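One chain is shown next in structure tokens, namely the form predicted alone.
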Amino acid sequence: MAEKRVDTVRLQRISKAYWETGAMYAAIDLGVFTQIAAGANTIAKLGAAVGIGTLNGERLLDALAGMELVTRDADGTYTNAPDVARFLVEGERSYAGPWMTFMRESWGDWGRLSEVLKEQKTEPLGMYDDLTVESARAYHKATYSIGMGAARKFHREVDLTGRRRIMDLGGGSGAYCIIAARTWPGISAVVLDLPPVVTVAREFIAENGVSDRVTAESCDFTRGPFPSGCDVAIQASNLPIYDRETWTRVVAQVFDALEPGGEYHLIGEMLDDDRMGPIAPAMWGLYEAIPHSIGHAHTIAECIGYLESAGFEEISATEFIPKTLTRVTGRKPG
């Protein structure tokens, strides 16, 4: 049997991946998916609704169909794909357009990544070194819908019955604590983050009506100190920002701060142990070169090791978001 001939198809797709990004950004900017959901679901109707005309409407819809973001019926009408309908239609509770386009600011840096890598610069907090209230508000406005969805999933999967107080390290908008207050009667929570983020977190907490049970306090979790009286600790989606030494120290500090019998959930973009993927954690690790952080991608085994060296027991690793996030959990002896 003849061997399959090697071709350039895969390499060409990767080399032009930014074309697909540009098409999706344009569709979000123009409100294409929102208009399709509202009934502007033909080339002519859509072109008129978003102001790009019939020719460009056809061009854009062909591209979106090729990317499987929309489907085209035999009568020429278009329908949003299920994930697009859920996350890219404005007005839906789970609308995530701001998050999908937020990383546009680094577009140019990816084009000059070889130069960025040669700079070999590092900053302790990477993109957070020059954080302001305004930039924190923009960032967490973008992450809020995704964060709330992840928090709802977490609290469906993790039983916190009987737990008293949560500390969410690097908690951002406070999503995990907000949903905790809605889900678990009697539980209280504190969001720990940098001062500009705390200002924004308090806004989200007040907006959700849980200020009586959820607070936000200033804390650089790479240094501490952490509050006492907490029997749950959560850290989500800040794993690639820091290096192995930092995580070893932070997890040990979490262990010391937790009440006996307390549980710790480290949720992050983790590589498989052979470091052959998934691609999303690998790319988040590579991205850290752009803001010059000290971070990189970590494997599941490395994260388990951070908990083991700190003294946690009953450690487990569970896929949280397929091929993106893994939840590593441990319990402090009590």
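All values derive from a computational prediction rather than experimental measurement. Start at 1 with the first residue shown and count on from there.
The same protein also exists as the form predicted in complex with a small molecule; that form is not shown, yet it is the one meant from here on.
For this session: Name the residue from Ile241, Ala216, Leu258, Ile178 that puts a heavy atom within 4.5 Å of the small molecule in the predicted complex.
Result: By the 4.5 Å criterion, the partner-contacting residue is Ile241.
For this session: Could you spot which one of Asn208, Ser237, Ser188, Gln253 gets a heavy atom to within 4.5 Å of the small molecule in the predicted complex?
Result: Looking at the other structure, the residue within range turns out to be Ser237.
Exercise. For the chain seen here without its partner, which of 71-79, 180-188, 134-142, 89-97 has a heavy atom within 4.5 Å of the small molecule in the predicted complex?
Worked result: Looking at the other structure, the answer is 134-142.
Problem set entry | Any non-hydrogen atom of Tyr264 within 4.5 angstroms of the small molecule in the predicted complex | Tyr264: no, not in contact with the small molecule in the predicted complex.
For this session: May I ask you to check whether Asp83 falls inside a 4.5 Å heavy atom distance of the small molecule in the predicted complex?
Result: Asp83: no contact with the small molecule in the predicted complex.
Exercise. Taking heavy atoms only, is Val158 within 4.5 angstroms of the small molecule in the predicted complex?
Worked result: Flag for Val158 set to no.
Exercise. Quick one: is Val197 in contact with the small molecule in the predicted complex, heavy atoms, 4.5 Å cut-off?
Worked result: Yes.
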